[in-house]
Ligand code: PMP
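In structure tokens, one chain follows: the form predicted on its own.
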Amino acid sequence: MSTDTHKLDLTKSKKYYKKIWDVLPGGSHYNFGGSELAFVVPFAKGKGTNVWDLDGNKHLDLFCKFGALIVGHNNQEYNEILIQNMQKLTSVDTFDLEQELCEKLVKYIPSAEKIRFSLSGTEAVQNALRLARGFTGKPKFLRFHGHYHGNADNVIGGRYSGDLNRPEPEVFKGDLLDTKGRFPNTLQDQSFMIPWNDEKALEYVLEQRAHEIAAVLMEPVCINGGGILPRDGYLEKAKELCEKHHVLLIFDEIITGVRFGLGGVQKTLGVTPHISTFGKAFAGGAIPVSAIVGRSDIMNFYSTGKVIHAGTFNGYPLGIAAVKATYQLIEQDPDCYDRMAGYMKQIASLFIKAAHAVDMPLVVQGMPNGMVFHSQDHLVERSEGYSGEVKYCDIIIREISKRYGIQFSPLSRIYSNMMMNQDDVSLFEERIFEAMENARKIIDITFPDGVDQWNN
């Protein structure tokens, strides 16, 4: 079979992308995906799970804007709700949807007794940390290797030092999340970092350092670190230890919230943190909205002015309407999670089959509607547990797949949306085998001596 049967002609798209570099640093709006070696395909329209580039080619969008786009492209019911609210009013401080929406969130989200809205996930996390410091009176927080909490100076980059007696994050050469311009020692002065999913490590550091720690901050499912699920009892133990040591447990559900259920993954897993942050799919994906939700006595530090939370567009009407629309659409279609998961399982199976057809190992792991793939033959159990070679192979697969009209999310993630259907699975099957055949050729050129973890 010709390996060019389904390869796309991207002449116009590449020309446009090249021009973007003149005015858009790095050819992208962020530093995760755009580079001189990568190609970010510019799109002109979308419907459901499909998007069309400037050359008119049809692509399968499994990127979904880092998982934010859960309602699908050009979802008419979602769009109409937003239009109706824009025609009603635009910018005011308080209006007539807030009570209804907040009561709905309190109903669904176990940790939500009170809610504050913001825009980005980064600012929601930063305000949650400020709230935890204000409530506990302690200065630092504990985070975990492989978890991502936004691009602020105090949470981006670093790694576990390897010594629980010295848990300050370690800056290291080659860290893709390290950045110039960070105030010196910000990571070390504000936080500790340890391995996730390790009860003994968490217990030890809290026993030694809880007098300094205001919050334990984690992704309840480690999507950013490889699609790793919490071990049985780990989240329960984390909460128990936090309460023992007067430390607040914060779940960063920017990715997992709404994508895995209207109550967040905390409801699915049955562990209620003290504070949570929601974002991305929380508002459907077309409108930026994030939220900080938590226990009343903690959230009341906002009410009394002891902790400041500010932002011109916090709780703006269109954003509130987008959150309401997202919840409304899912309430009207309660089977959507199982339906999306069914299509995603088919896609995962086809993906693995295509890899094996060219003698490449591949695993797909995580939650059904937010999966992660790895070019190795065993599941990733620790964020620090898979090699740079494997990660580079994943990047090659992602970049080659773009040329065949399959858009994966950066960091080798795969996301679903409510409008996904069987035709999307068929399109994936049609394209993925040729994409993997060509990815294998590039990998063989890149690693002529083979990839260590491939066992072949």
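One rule holds for the numbers: they count along the sequence shown, beginning at 1. Small disclaimer: the values here were computed from a predicted structure and weren't measured.
What comes next is about the form predicted in complex with the ligand, which does not appear here.
K.L.:
Go through Ala238, Ile255, Val247, Leu129 and name the one with a heavy atom inside 4.5 Å of the ligand in the predicted bound form.
P.N.:
Contact residue from the list: Ile255.
K.L.:
Find the only residue in Ser111, Asn224, Ser191, Asn197 having a heavy atom within 4.5 Å of the ligand in the predicted bound form.
P.N.:
Of the candidates Ser111, Asn224, Ser191, Asn197, Asn224 is the one lying within 4.5 Å of the ligand in the predicted bound form.
K.L.:
Determine whether any heavy atom of Gln266 comes within 4.5 Å of a heavy atom of the ligand in the predicted bound form, and answer yes or no.
P.N.:
No, Gln266 is distant from the partner.
K.L.:
Give a yes/no on whether Thr122 approaches the ligand to within 4.5 Å in the predicted bound form, heavy atoms considered.
P.N.:
Although the ligand is absent here, Thr122 would touch it in the predicted bound form, with heavy atoms inside 4.5 Å.
K.L.:
Would you check, heavy atoms only and a 4.5 Å threshold, whether Tyr148 touches the ligand in the predicted bound form?
P.N.:
Yes, Tyr148 lies within 4.5 Å of the ligand in the predicted bound form.
K.L.:
Does the 4.5 Å heavy atom contact test between Arg259 and the ligand in the predicted bound form come out positive?
P.N.:
No, Arg259 stays farther than 4.5 Å from the ligand in the predicted bound form.
K.L.:
Could you tell me which stretch in 216 to 224, 335 to 343, 197 to 205, 380 to 388 has residues with non-hydrogen atoms within 4.5 Å of the ligand in the predicted bound form?
P.N.:
Every other range fails; the passing one is 216 to 224.
K.L.:
Listed by sequence position, which residues of 278 to 306 have a non-hydrogen atom within 4.5 angstroms of the ligand in the predicted bound form?
P.N.:
Stretch hits: a single one, Lys280.
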